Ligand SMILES: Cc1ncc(COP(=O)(O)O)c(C=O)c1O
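One chain comes next, on its own, written as structure tokens: the form predicted on its own.
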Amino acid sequence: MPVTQHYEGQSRLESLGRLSTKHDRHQRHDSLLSYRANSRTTSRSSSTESTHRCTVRTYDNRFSERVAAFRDREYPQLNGTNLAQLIIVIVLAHMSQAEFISTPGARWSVCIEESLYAKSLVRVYAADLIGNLYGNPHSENTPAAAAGQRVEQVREKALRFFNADPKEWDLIFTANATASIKLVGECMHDYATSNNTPLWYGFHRDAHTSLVGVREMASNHRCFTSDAQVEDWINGRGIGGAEPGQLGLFAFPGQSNMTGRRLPLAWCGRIRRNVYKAPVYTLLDAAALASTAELDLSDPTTTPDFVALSFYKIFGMPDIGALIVHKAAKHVLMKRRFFGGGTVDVVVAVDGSWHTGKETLHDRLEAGTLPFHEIIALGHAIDVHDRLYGPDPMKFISNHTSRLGKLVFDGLSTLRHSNGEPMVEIYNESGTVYGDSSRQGATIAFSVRDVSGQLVTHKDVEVAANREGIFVRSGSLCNPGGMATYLKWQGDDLRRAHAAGYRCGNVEMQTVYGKATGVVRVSIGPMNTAADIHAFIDFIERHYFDHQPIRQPSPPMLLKDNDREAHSIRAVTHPTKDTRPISSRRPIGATKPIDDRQRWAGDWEMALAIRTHLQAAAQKP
């Protein structure tokens, strides 16, 4: 590979000979065109081997070689002794990180849909802070002026990273993507209120929880349960959406944070051109998309009005986000009622209640002292990303991670038990094409099945992975629409599950009434290589090939309202500290107390019944 000064991934192949033994092993793995499970016991027959062998298709090793050339040096935090060469993050949301941070022999690695921060980024950032003095940009002294100047330089650099012309776009620094989404919701609510106009809100089924939450600020809302529904709405000139006299906002993720499916960005321009019944603005949640894809905002006629994202998911640090706003739509954000330090020109507080806000959008919305040290780190992060991954870093990362995502899919989808049953169930849309970065990201959601086809719960996968130093998290992924769709949860089912004690993040209730409450997700970052994929698939196969079903006692039946009188439990409650216990019969799953004096909750009662049932079953031989 020729020498270049543009980025380190294209250094001479001869330099690979000087890499560590770990790199040598990575290269030997990367040279494999197929994966063969080396951990099978000799007792398995050759016919059995051919049944469950995982075949990984050809992969262009040049991408892995470029990353391997600097990975050990730039990402030393990945070199835990028990990592088994696995840097993939298997993300399963809503589990405590502390469980894994203290794992002996391994260090905390990457998190959901984000890059790790490079060592050279930490060094250059530290050198900057040591060599310079920065102060609150709201002041006028020399350190404050230096910080203010750097903030504006980084603001423009960040816009250009997404090919957004600063003349057409503005960038508001926020805490994270969720804060950006919330800011849009609050501003549009206040704008609609100031004009005595109802706010209509539409969102796609694949939306992150934060997008779903905006519905609480709207007068009415609609969840589009498929791409086809969105297409019908657009082609129907807005029928089924905002009515005349209303203000509309349509939000969707650029990439599902559950399945990795990438949604049509062309919707934004088409909505702007075709939806006539009421003005409808578009909000793109780019948090998952921007981490491994090129987000191009160069054509404002086809781009969204608002873009929410988190920078740590792209660069590993800093821990800040941004709201990128097309200036043609900024007027709907200028009526925010709340104001804070730095967002106003004049405030009357004693003899009245009047104020006037700043003229510039980012000045008006960035309330309080900016995290200027974090913003300075962002400038360095963009430079380091260019140096490591090339002059067009996100294009390289998109191609690289897309190919690795296809390796994961090919590997998992070909795993079979000796009876021919699949070991893994992958959740995706029909027609999904892995390896096509325009339609699918490097994120895969799946469940493991035992030899009888029964579910191996996500918590079990997490525990097994953790024992090998592979950091795993499990849960519902903060994607309620995706979980309802792929795990077949209806609204009434979720309400009853809540009454039974289920809570988002409750690791003790992995199934309720036979339905899973979470899945496993693999998210690939730019520093991964093909060797990581082989190690991950090897882990799944070694642990779950011909995995025998574990007898799980069934929880109490899910009862309809007219069945509850016949299925109740006897309980004793204590109305007050000084009164005698009250003996009563309580229908299982009831949500209201029998008497206001009784310290009783229906969801606690159902949880108690389930716990008692499980404990009794566990005592059986």
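This structure is a prediction, so every number in the text was calculated from the model and none was measured. We number the residues from 1 along the sequence you see.
Note that the form predicted in complex with the ligand isn't included here; everything after this is about it.
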Which of 328-336, 123-131, 158-166, 249-257 lines the interface with the ligand in the predicted complex (heavy atom within 4.5 Å): 249-257
Close approach of K313 to the ligand in the predicted complex, 4.5 Å, heavy atom: yes
In the predicted complex, T343 touching the ligand (heavy atom, 4.5 Å): no
Close approach of H208 to the ligand in the predicted complex, 4.5 Å, heavy atom: yes
Distance check, N176 to the ligand in the predicted complex, heavy atom within 4.5 Å: yes
The ligand: the contacting residue among D532, D285, E462, D305 in the predicted complex [heavy atom, 4.5 Å]: D285
Stretch 318-352: residues contacting the ligand in the predicted complex, 4.5 Å heavy atom cut-off: none
